[in-house]
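One chain is shown next in structure tokens, namely the form predicted on its own.
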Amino acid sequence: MLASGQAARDARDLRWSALMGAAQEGDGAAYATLLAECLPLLRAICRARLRDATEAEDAVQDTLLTLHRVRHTYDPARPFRPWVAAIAERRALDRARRRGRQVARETLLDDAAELGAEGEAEERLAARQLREAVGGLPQAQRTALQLTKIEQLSLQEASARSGMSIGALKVATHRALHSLRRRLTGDAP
């Protein structure tokens, strides 16, 4: 019984690898068949990682978009299922992290409502100082900060939008944060 289940999975994996290989050579029907067949797997992975059904479905859509964008990078000599499963895992984790950051910010906004006029004035002053500090950064660092921390794009998405390599984005973001920390805490050289 277990051997036949493993044999079926192995046959499916070989079929998916062949379909993806054909899709890379321009076979649209093979690509459509592959997507239809692997969709239940993608949904299962995303639902296992995300409790919210809507978020899970959005992660599935993100996975399909990513798969479409990077399909040329797939090596047909390797199994397809682990490759696409890794993409689905990553997209689901990205969604979970993004959702966690949003929840953290929403909590801060709720706490802010309890602040009095003095708290609002301090927040405005801090916001102005932050805007000025960000405005003093070199353009590449401002762009990296905007895309990765404010818009919360993935490094791949930020790289595509900015034209900067992922490594350059990481360095620029790190330097921007370091510079802001120094300026805002008064540790500027």
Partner chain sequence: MRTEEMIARLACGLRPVRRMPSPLVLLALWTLLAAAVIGLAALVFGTRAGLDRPMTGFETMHSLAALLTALLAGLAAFELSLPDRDRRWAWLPLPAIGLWLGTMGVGCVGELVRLGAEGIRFHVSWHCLQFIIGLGLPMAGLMLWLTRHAAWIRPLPVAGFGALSAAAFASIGLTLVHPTYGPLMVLAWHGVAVLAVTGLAALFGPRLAWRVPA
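Residue numbers count along the first chain shown, from 1. A quick note: this is a predicted structure, and the numbers were derived from the prediction, not measured.
The following text describes the form predicted together with its partner chain, which does not appear among the structures shown.
Peer 1: Taking its partner chain as it sits in the predicted complex, is residue 27 near enough to touch it, meaning that at least one heavy atom pair lies within 4.5 angstroms?
Peer 2: Yes, contact at 4.5 Å.
Peer 1: So in the predicted complex, is its partner chain close enough to residue 61 to count as touching (4.5 Å, heavy atoms)?
Peer 2: Yes, residue 61 sits close enough to its partner chain in the predicted complex that at least one of its heavy atoms falls within 4.5 Å.
Peer 1: Are any of the heavy atoms in residue 101 no more than 4.5 Å from a heavy atom of its partner chain in the predicted complex?
Peer 2: Output for residue 101 is no: heavy atoms all beyond 4.5 Å of its partner chain.
Peer 1: Though only this chain appears here, would residue 57 touch its partner chain in the predicted complex if you measure heavy atom gaps against 4.5 Å?
Peer 2: Residue 57: yes, in contact with its partner chain in the predicted complex.
Peer 1: Could you tell me if all three of 142, 166 and 181 have a heavy atom no more than 4.5 Å from its partner chain in the predicted complex?
Peer 2: Heavy-atom distance to its partner chain in the predicted complex: none of the three under 4.5 Å.
Peer 1: So which of 162, 154, 66, 146 reaches within 4.5 angstroms of its partner chain in the predicted complex, heavy atom to heavy atom?
Peer 2: Flagged contact: 66.
Peer 1: Could you run down 15-36 and flag each residue that has a heavy atom within 4.5 Å of its partner chain in the predicted complex?
Peer 2: Those in contact are 21, 23, 24, 25, 26, 27, 28, 31, 32, 35, 36.
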